[in-house]
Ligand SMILES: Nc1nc2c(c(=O)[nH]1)N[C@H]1C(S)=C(S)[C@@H](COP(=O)(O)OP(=O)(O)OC[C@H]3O[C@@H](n4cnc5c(=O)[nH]c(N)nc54)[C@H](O)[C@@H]3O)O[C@H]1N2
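The chain below stands alone and is given in structure tokens; this is the form predicted alone.
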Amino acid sequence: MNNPSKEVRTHCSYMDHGGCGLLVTVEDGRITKIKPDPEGWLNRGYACPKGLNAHHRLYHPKRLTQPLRRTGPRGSGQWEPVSWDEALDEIAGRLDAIRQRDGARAVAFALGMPKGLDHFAMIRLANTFGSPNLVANQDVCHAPREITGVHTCGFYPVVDFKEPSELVVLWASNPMATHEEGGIGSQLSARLKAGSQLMIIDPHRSEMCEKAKLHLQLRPGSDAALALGLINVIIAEKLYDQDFVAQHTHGFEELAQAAARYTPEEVAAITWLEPEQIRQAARIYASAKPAALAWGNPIEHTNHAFHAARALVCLMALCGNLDVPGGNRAPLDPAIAGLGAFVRADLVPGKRTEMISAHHGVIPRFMTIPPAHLRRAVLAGEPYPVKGMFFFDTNPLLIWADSRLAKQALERLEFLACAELYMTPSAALCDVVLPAAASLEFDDIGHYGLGHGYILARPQVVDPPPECRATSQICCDLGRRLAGEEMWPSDYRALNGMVLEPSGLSWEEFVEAGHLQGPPKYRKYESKGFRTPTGKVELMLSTAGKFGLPPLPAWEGFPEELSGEFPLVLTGRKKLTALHSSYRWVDQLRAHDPEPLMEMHPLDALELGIAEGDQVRITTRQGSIVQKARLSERVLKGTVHAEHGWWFPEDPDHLGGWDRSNFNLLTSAEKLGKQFGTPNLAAIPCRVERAE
């Protein structure tokens, strides 16, 4: 792949969920420039700073380029280089020893948000190993919306920016700053240019709010209450789609009775809004035909994620916006391999009852382990001990709630290994670290298994360093050692072929096409009903008693109350130039946001004697961190918006200053939502003071 100069068409990945078409310039085997593809199927010429700077990850002087084995205490930074065979044999041998002694369930496999096919290769690795414990961050990202949607209406309602909408609602979502669950900012821009109205529901007043007909700046963490308030108005004023409700919903009368208590006046006191704002929002949404609701993952950041997601699906259903063009669609996959067959779910038939989360009574179909449940298994042996773990595409020390507890769990493990691009704080705690190839250095498939109804081609653009391997290849290498060569191909590209086989396309044909999309069929419920036990949208869950679920959405109060000691509401924020904790070490991205900034209202700052640019200490019942103050009227008085995912690769500490500005030092994993094991990340009582 060393042509003097060429331009390669591919799709962005690993810098976010991925999806933007990119044109990548390669000179003498090295990427020199990335620009958005004007013909990109999703983005049409748009790309964020992360995508445009993706190649700088490949050429960082401190990138990991050889397997390493720890020689000193965990976190000491003492390593020795080893061969790939030595490293793989040690990982396989140590994990197998735990399996032989304590059973396969004593080993966990962990990853972050789905970014490529390696996510599902890791699930396949866990299944072929025999472990029911695949740990992921889905308790606070995607699963509460996806699984709640499946229980309520039989599918995950994906926002439809491809078809015209009279109204677009951005609820805790900003597609202009992140690729959020199937919608990209350029698609939203096209809808607005075509005449769609915009309504935004978000505690932060982004620049997009200037274009909105209405912005509801609610108190962080009060989403479920607001959604119930909208439902109250829509039902009380008979604004709902009466034909759809009569023919295609179950439990309307029960929902109406439950929602009667959530009057605009009651909800206004909870959300810090005015009653008339709530009425206005309900009327705007109900009168738009159709309305597309883009719901972001911040609604999943409290213990009440299940109720928030339930209420929003009910809201979509009441107004007839489910599975209609320009609403929230039920995507159909193209002709590709089914997820269960690809990950070999058949090899762990008892997973539902054997996984750690079964002990905690999580919602059916939620099949990954919340980090909080894993840590109880590691630290307390509840419901049984976990002794070893292998991970990639995640940084648990920064990303899991209650970072100090995460550190204790990682250090307690008998054996810990990972694959990484760079020595992150979590990698620094491992026994063996494998050097991973970066996206653009291997052939990959994007959006498989995400329920968006399409997959994207991500062909290799350049070769990786000689000692770096694709994480899918690492899964193959470990799988052949741990499960047998008959279970795994020797070359990871065969996994791509497995996914494409039902389509009849070769890899080359898929790359030429760029993407595969399922048939764009709408209103499938008219002939087939909804895929629920009643065949209807279950405003009241028919399986509530069977599964121990609340039958109707409700507001159960904030996870923690404000007090004189902690009078402000803390929530987290992400930046356009980072993906959680990823790529803080990429200079070109770090230059845009060199240090962590917290935002607070100028009136709060005045009362506390804090000036713009001061270093301030944010303290919760859990701990404290320091970030730099930015005074902004874009946030509500009484709230604090602190940046998430911060560590300092330049810090001489081998753990990258993980305990200085890390948002998850302020969060707790003690109180969890039962359905998804979700901690409270968005409505945390705190105080702020100038740092010494």
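We number the residues from 1 along the sequence you see. Keep in mind that what you see is a predicted model, and the values were worked out from it rather than measured.
Omitted here: the form predicted together with the named molecule. The next part is about that form.
Participant: Does Gly149 reach the named molecule in the predicted complex if we count a contact as any heavy atom within 4.5 Å?
Facilitator: Answer no; every heavy atom of Gly149 is more than 4.5 Å from the named molecule in the predicted complex.
Participant: Under a 4.5 Å heavy atom criterion, is Thr128 part of the interface with the named molecule in the predicted complex?
Facilitator: Flag for Thr128 set to no.
Participant: Any of the heavy atoms of Thr271 lying within 4.5 Å of the named molecule in the predicted complex?
Facilitator: No.
Participant: Report yes if any heavy atom of Ala554 sits within 4.5 Å of a heavy atom of the named molecule in the predicted complex; otherwise report no.
Facilitator: No - in the predicted complex, heavy atoms of Ala554 and the named molecule never come within 4.5 Å of each other.
Participant: Are all three of Pro370, Ala406 and Thr678 close to the named molecule in the predicted complex, meaning a heavy atom of each within 4.5 Å?
Facilitator: Spot residues vs the named molecule: no contact at all.
Participant: From the candidate stretches 617-625, 580-588, 153-161, 352-360, select the single one in contact with the named molecule in the predicted complex, where contact means a heavy atom within 4.5 Å.
Facilitator: It is the stretch 580-588.
Participant: The named molecule isn't shown here, but in the predicted complex which of Lys387, His515, Arg376, His142 has a heavy atom within 4.5 Å of it?
Facilitator: Checked against the cut-off, the match is His142.
Participant: Heavy atom within 4.5 Å of the named molecule in the predicted complex: which of Asn328, Asn303, Ser439, Asn232 fits that? Just give me the one.
Facilitator: The residue from Asn328, Asn303, Ser439, Asn232 that makes the contact is Ser439.
Participant: Can you tell me which residues in 109-135 come within 4.5 angstroms of the named molecule in the predicted complex, by heavy atoms?
Facilitator: In sequence order, Gly112, Met113, Lys115 come within 4.5 Å of the partner.
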